[in-house]
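Form predicted on its own, single chain, as structure tokens, below.
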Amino acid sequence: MKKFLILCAFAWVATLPACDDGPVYEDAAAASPDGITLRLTGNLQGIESWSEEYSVVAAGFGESDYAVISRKITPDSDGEVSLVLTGIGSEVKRLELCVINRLRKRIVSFTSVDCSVASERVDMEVGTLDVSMFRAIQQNIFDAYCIQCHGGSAMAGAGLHLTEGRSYEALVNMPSTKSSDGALLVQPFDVANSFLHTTLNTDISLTQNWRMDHVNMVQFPDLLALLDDWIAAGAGK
């Protein structure tokens, strides 16, 4: 009888998963068998430009900046996307095509819909959309904080145009007119020696008596980190 019990116990233990097996999740996190369904369609360009620190996703958000549920977007070779995200619970109030970091925090959002009154399904047709890393920087940093002085009027401060269509060529591998040693504004793969990083992250604009305090220009650390990560990844367009 004792041998029989030992054999039974051994058989039961053998059916348990190994410690390193772990649970297996799909890209969608915190999914519920109930809830509403999101169907996202469109043509998305530039996803491949994002560094590994970020993911372009369809995501649901409640009251915080952290995704309750998300699914990574993987277009086909032409950029076409047809994604279905199911099990979206009632705690989700907005559905977004956005970028999150490894902590699932929203960094930038490309489009958003209110789903708080949806009953079963939400369709998000985004058309053809540039979701590249540089496009996110243009919209969320340059357009939001910089173009008032750098190209939004007849003159551009320090001769630097940061308006759409001109900013990339004005920054990447271009020497700064404010640097005493001819440092490049954006030196691909080298954050520390990029003068744009120095301008936005140190008090150089104060010590050199520039007309504007640049260290407090961009008020969100996540956006400054995004700019640095773009430079570190090669400053691609």
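Here the structure is a predicted model, which means the values were calculated and not measured. When you see a residue number, it is the position in the sequence shown, counting from 1.
From this point on, the text means the form predicted together with heme C (HEC), which you will not see here.
- Contact with heme C (HEC) in the predicted bound form holds for none of 39, 57 and 126, as no heavy atom of theirs lies within 4.5 Å.
- Checking 122, 81, 141, 100 against heme C (HEC) in the predicted bound form, a heavy atom within 4.5 Å turns up for just one residue: 141.
- Of the listed positions (111, 148, 163, 90), a single one reaches within 4.5 angstroms of heme C (HEC) by any non-hydrogen atom in the predicted bound form, namely 148.
- Though the partner is left out of this view, residue 44 does not reach within 4.5 Å of heme C (HEC) in the predicted bound form, counting heavy atoms only.
- Though the partner is left out of this view, residue 215 does not reach within 4.5 Å of heme C (HEC) in the predicted bound form, counting heavy atoms only.
- Though the partner is left out of this view, residue 157 does reach within 4.5 Å of heme C (HEC) in the predicted bound form, counting heavy atoms only.
- Within this chain, residue 202 is remote from the site of heme C (HEC) in the predicted bound form, having no heavy atom within 4.5 Å.
- Scanning 183 to 206 for heavy atoms within 4.5 Å of heme C (HEC) in the predicted bound form gives 185, 195, 196, 199, 200 in sequence order.
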